[in-house]
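Form predicted on its own, single chain, as structure tokens, below.
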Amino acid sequence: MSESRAGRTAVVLGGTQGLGKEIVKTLAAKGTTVYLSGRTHESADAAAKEIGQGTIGLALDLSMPETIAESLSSVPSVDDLIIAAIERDANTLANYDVAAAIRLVTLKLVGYTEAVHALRSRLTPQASIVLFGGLALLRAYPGSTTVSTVNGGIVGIVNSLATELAPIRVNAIHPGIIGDSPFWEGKDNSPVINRTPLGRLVTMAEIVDSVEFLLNNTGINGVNLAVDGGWLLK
């Protein structure tokens, strides 16, 4: 998608690395003023300086929801809100880490919702929100109990917020394995590729393009979009 986004303001929570950073780069290159968040001022400011184009860094930790409103206090208005922050968690029943589980549940369910709550009065009438879940909600694996649960919770958040914030649109992306992402690149992903009809893994560019689609298409609302190359079909 090549259209200009000049004059818009976006907030990307979880924008200092990986997929979130690619989203920031794409939006900023098209003229959007982007506020990106990292867990520390240092990480956020470093990413904003690297990306340039007027990008602004914010220190924000979604796992500490009581601090979110203050962390977002400098944002004047929001046309596009993308919450891409995630935390990897392989928490098996045999070695169940209660603190890690609570942190992830808080980050994804309470933190995501509180961020929307904190910015609610500054969302423009045509604002759009894109949240990030993941296909562990449907493709569970040993150790994914918390991950699968919170990603399923994103479906519920999309449904409730799209209703409560109407006519502001709320959607979510649920990626499969992203082959060229820092976490997955270099790993043996052949078992997933072999059961993916596309014959390959999706790319970060394709996920970013999907985010832009959800932001730009004013007829799309309340959608939980799987971007997985057809992996769920087999």
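Keep in mind it's a predicted model, so treat the numbers as computed, not measured. One rule holds for the numbers: they count along the sequence shown, beginning at 1.
Quick note: we don't show the form predicted in complex with a small molecule, though the next part is all about it.
| request: Choose from 27-35, 191-199, 170-178, 49-57 the stretch whose residues reach within 4.5 Å of the small molecule in the model of the complex, heavy atoms counted. | output: Only one stretch passes the 4.5 Å heavy-atom test: 170-178.
| Using 4.5 Å between non-hydrogen atoms, is Gly222 touching the small molecule in the model of the complex? | Because no heavy atom of Gly222 falls inside 4.5 Å of the small molecule in the model of the complex, the answer is no.
| Is there a heavy atom of Gln17 no more than 4.5 Å from a heavy atom of the small molecule in the model of the complex? | It does: once the small molecule is placed as it appears in the model of the complex, Gln17 has a heavy atom within 4.5 Å of it.
| field | 4.5 Å heavy atom contact, Asp97 to the small molecule in the model of the complex | value | Output for Asp97 is no: heavy atoms all beyond 4.5 Å of the small molecule.
| Any non-hydrogen atom of Ser43 within 4.5 angstroms of the small molecule in the model of the complex | Ser43: yes, in contact with the small molecule in the model of the complex.
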